[in-house]
Each structure stands twice: as structure tokens, then as C-alpha cells.
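Shown below, as C-alpha cells, is a lone chain in the form predicted alone; questions about how it binds or moves come after it.
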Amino acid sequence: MQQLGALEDLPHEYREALTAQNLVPLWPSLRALLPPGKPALRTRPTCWPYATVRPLLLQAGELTPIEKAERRVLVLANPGHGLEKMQASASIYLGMQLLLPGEWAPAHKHTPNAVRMIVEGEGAYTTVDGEKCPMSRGDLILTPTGLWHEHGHDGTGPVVWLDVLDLPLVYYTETSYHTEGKEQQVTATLGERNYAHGGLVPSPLFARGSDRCYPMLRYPWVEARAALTSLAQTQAPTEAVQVAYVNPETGADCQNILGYSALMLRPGETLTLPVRSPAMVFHVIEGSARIDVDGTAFTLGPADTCCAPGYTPVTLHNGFSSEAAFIFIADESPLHRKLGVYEVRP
């Protein structure tokens, strides 16, 4: 490989002259920007066990009232990026959010896309674009870019959910901001009812379908789980049992930047994933699984979360012989495809 010159090889006076004109020589940093064969990965395999996150989150509820927090969240930060960057991967932000009985997190909208994967509790809801979406464990609720949303809790006991946003990317492009709003009036029925059966959507003969970019905002876990267990009965044992969260009218990813899916690991199943360019996040909804990320292994139980960098081999294993494991997955595939850098390696 060609040896490139170092910055220190240049005369001090020349470097000062460049700096004075806001100029930087490329060649000393070229290999860092374009390394040979594989990107330089800052994302590290990292795990956030819910058993350690939950008490600290509940303590945050005691220490900080919702009025002073607006959104009471503990960020799941990847040390490879620096904890101060508050990101799980290059494009994924993760946070565990707590809402206590009687609390209301006020309405706002923002440019990053977000989803909520409900972890525990009942009685809370998110109102998105006038649609009130109840929260139950395993439900996926979208709060896409530019849509008003707020959270309320009419039940008892804490409600916790996992936030997944494309915030690192939107922040990097200097397009991240929010706008505060007032409490929404509920004006829309649950869009999921119109798309409750696969392959069937409202007829265009009498209805042009939804005029919203995101016709379905809540994906109930009871439906996703039923789809997985049904698929498992017909899928070949050598094939993965996985469903994607999509826009029911277009079949495209349910959001623009990050992709979301649910995976069922059959009892005793070991699944080796293809080595792909996007980073991935795994969150266990039910059961448990061992996740090996290029030699770094995590054993995840319900509500545990971990991430894996891209270009890295990942193996999933369900150690139980009689119980399936159900895993929520977020990854950067839609972004990579749009950028033309999506890659699968042998």
C-alpha cells in the first residue's frame, strides 16, 4: 500500500499558512476517511440490560418531575461514539422513556423520525397527528418527522418504552429542531383497523386511501406476534421467521431512514445473520436469546437491548428447547439503500 505523507512532514510555516486560510491537506487523513476494504467502525457491540436500566429510570421519576423533564429519558449511549454523543450507532439514537400515572408529556413535533417500542405497563397512550394510540407491551408506535405527538397516562403503575430515532443523522445534517404545540384534539380513528388483514386495503373505487404519508401509526404486538407464529408453521426450518413493519399502502419501509422488523427464534434455533453494512439494534420482547457479535456475546432476556455494528458477523441463539424468543430489530438498511452503500458480504 502506498505510504502517504504525514502532516508533520510539512513545514510549520506552511501549515500555519493553510490554517490561516481555512485549508486542510487531504493526504495525511485520506486513509482515515477512506480505509482499505472496510470502514473504520466506531460503533461497539454494547448491551443495556433492563434490570439495570429500570431502577435508574424509576429513580429519575422520583428526582425529576415531568414538568422539568418534558421527556424523561435515559439515553442508551454507545461508548465507541463517546457517551456525550448520545447515540447507539452512526444513525440510531436509543432511549428508555418513563411516564408515571397522571403525567402528560406535552405536544411537540420535530424533524427526526421516532418510533416507540412499548416495554412495560398499561394505561398510557400517544396521540399522533390527532390519532390516539394506546400503548401495550410490544406495540410499535410511529411518530414520524413533522407530526405532532404527545404522551399521556390514565392508568396505574409506570409505563416504559424504548425510543428509536434517526437523530444522529438528522443532527449531523444540521436539520434537527423541534416545535412546541398545544394539546391535540383526537380527530382520527385507529388507522390500523383499516389494514388489519394482510393483502387487503381500503378499495380505491370508493376510497382513495389515506391522504397521510403514514397511514398506519400503531402496529399492535398481538398482530405482529400472530403473524410470526403463523409464518413459523409454514416457513421452512432453514429460513428465518421474520416480519417487517411497512407502510400498508405502499409496501415500503414504515419510515424513511431506519427499518424495523420482528423476528421469532424457534425453540433451540441458531440463526447466523448475513454480514451487512447497516448497524442493528436487538430488543427482546419475549423469551431470551444469546447474541454473538463477532466474538462478543450477550445473553438477553425480556426488555434487554443491544446493538451490533455493521460489517460484523452476528449469530442469534435461543437456548430454550420449548419456548420461542421474539425480538424487535431496528437497523439502518433504508438509509444505506438510499445512499447506495447497502452491502451484503459473503
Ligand code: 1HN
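Quick note: we count residues from 1 along the sequence shown, nothing fancier. All figures in this text were calculated on a predicted structure; none of them were measured in a lab.
Form predicted together with this ligand: not shown, discussed below.
In the predicted bound form, residue 212 stays away from this ligand, with no heavy atom inside 4.5 Å.
Although the partner is absent from this view, residue 151 contacts this ligand in the predicted bound form, with a non-hydrogen atom inside 4.5 angstroms. Of the heavy atoms in residue 103, none are within 4.5 Å of this ligand in the predicted bound form. By the criterion of a heavy atom within 4.5 Å, residue 163 is counted among the residues contacting this ligand in the predicted bound form.
Only one of 262-270, 232-240, 245-253, 110-118 lies within 4.5 Å of this ligand in the predicted bound form by heavy atoms, and it is 110-118.
Proximity to this ligand in the predicted bound form, defined as a heavy atom within 4.5 Å, singles out one entry of 167, 76, 133, 159, which is 167. The partner is absent here; in the predicted bound form, the one residue of 97, 127, 91, 194 having a heavy atom within 4.5 Å of this ligand is 97.
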